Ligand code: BGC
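Just the one chain here, laid out as structure tokens, in the form predicted alone.
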């Protein structure tokens, strides 16, 4: 990592009731042995009376290339001290001036199709203590040392605005090096840097576009304490690889006849290879990629195989995924195998891409969509899996120009995504509900590739609206903070001086003119705020503060009345269409409201006053134009028009109950089905369950007929779709996350696990369970910064048994449904204004 002030965090593993931290002491050292004896040579705090479990390192500057060891001692509620095991973190280059290598590439231009190999042989004459490889790349890469691929990351480095920020990755390569002769190999792919495929977003015209290049430092530390750095420079050699074409957008083509066995080993003869050229760095901002990488997380065997004709087979994975397929096959040299990936089948049983290829604009037939091409070498059994591409698919149609024999085991799918740790689970007595939750998570992960995307097949674009809508779903279910922090840096890279953001981020320049109103680009405020709420960590909010400010100031300049018509509106509605001015102004209010709260948090009193006044002005303008205070109806009374102001806090307090009642009535009028697009679907479930109508919210969430999430499931969905209508002619990707708020609502609206805005990061948990009559049981768990929170209930003989676990060093306020009798351990509990509880596990009986 490059941060001079890394955040040090810990969790108390203490299940006792009332467990909490009353003080802590931190110690940081470069010597783990001395630290284990209690001596720290870098930083040792005094005993600090505090229950804080996250502290920024704030002493003297950390040095580059250094491993730091640290531990924490905590005093519990009985003043007993417990000391953690020793943990560590390691610094990278810390500053761009520490790079020794030169950016190099081969001598081909950006239109050359084959991917380039690079290699360099060198001698190490002294005994090695440790070694680190630091590699920064414009494009994608795989790194090899002495014939061994280094690491299990895929599609590194993550996509950024290449001409403004470049990421580098670090590997511990101590075990791959040897005394004597060694060799490094690098294989480069195009990725988003050199986009050769043509589509409506013109990524082939990106301003940064060039032939892929890289810079590498291999820093070796010897037993005698000296160091040596082997770097990329003019001494390296290059040749073309068997990857004859690669596109992050479409597919990869591989000619096994062109393989050069041993190309990254020291004994390989590279006299026929060419010299490299020096290249300019793509940007001057080269920083560590401090985030979970993309990996092939799950191996998925084909569920079935069907022979369609003499030369065509169809494999079915049984579920929709993002990722790649791997095929193992034997055949004649020169046999051309095509692997066409699709989400659905046509009426003839063949792979059908008609729902996902609508934005592809090929100039010829050489780059078929989502179709890998594998040319056999004829040397026995061969395996191909693309390196620099991923797709969205369930089916793989395999065809060949010469006969081959395939069996079900010949093809395997690999589910790829940013490898974020799961932190939430849901289970209930309604199996459709459980399947919706799983499908939501599958779509969320399928659209997490170092930035949140809309779909893994048709676009792979970082659509802002889709991402903020799904962010709570993501944070309840996965520990995704590092990906979002990186993406917020992408926002700052893309923001115009006047505050304007594009609708897709990262962007090559597309999206500044369309789709980027406040209903979409509210990501700049909503996601940093959600990170603060879920983690209690204000860093990203602070990093984005000026960006949010420029953004809302620009909207204020354009729309001084407080109402804005800038935006896309309630995208993909069922039938009722709400005014764009209404929904965009609601998001504008939300952003200003977040900015005012951030100003208060950071002690910026003038800003706080200014933006509180602006938020009030916008709220007043919305209500003045759209709210009928007599009836409690906004505009025409559609579901979106009633739920959005409830969800985002626009409704006057005195009218919340009336507006919520109108919403519940409207849902019943709509036969307990949704009539909303993505903005309404984000708001409606919580708008109901937060205002006394959880049963109505559940009636929507549990539907199995059109239009509903369950309708997708009963029709075979394993991911969320882009359109409620599964027969739609347009907008029908079968793996979209924009209707994904339901995954968060399970935690909020049924389990009742909520953030307390006054005590974020689940320091104090708000528990507002809803014991839905049509459910027999419901279990929800979320692991936050203090540990695992459980909120589960089951109903037997008319009595609900409600089980709660609150982690050590945190508290909770429990709100039971009104009119219920609550008891614990045989004693009646008074819980009218919320029951305050300390850490521990509890069981309540609710009648």
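Numbering follows the first chain given and starts at 1. Bear in mind that the values here come from a model prediction, so they are computed numbers and not experimental data.
Here the subject shifts to the form predicted in complex with the named molecule, a form of this protein not shown in this document.
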{"item": "One residue of 591, 106, 466, 741 in contact with the named molecule, assessed in the predicted bound form (non-hydrogen atom, 4.5 angstroms)", "value": "466"}
{"item": "Heavy atom within 4.5 Å of the named molecule in the predicted bound form - the one residue of 204, 459, 419, 255 that qualifies", "value": "459"}
{"item": "Segment that reaches the named molecule in the predicted bound form - one of 637-645, 174-182, 732-740, 310-318, heavy atoms within 4.5 Å", "value": "732-740"}
{"item": "Close approach of residue 568 to the named molecule in the predicted bound form, 4.5 Å, heavy atom", "value": "yes"}
{"item": "Non-hydrogen atom contact residue 520 with the named molecule in the predicted bound form at 4.5 angstroms", "value": "yes"}
{"item": "Touches the named molecule in the predicted bound form: residue 472 (any heavy atom, 4.5 Å)", "value": "no"}
{"item": "Partner proximity in the predicted bound form: residue 706 to the named molecule, non-hydrogen atom cutoff 4.5 Å", "value": "no"}
{"item": "Sequence-ordered list of residues in 498-518 near the named molecule in the predicted bound form, where near means a heavy atom within 4.5 Å", "value": "514"}
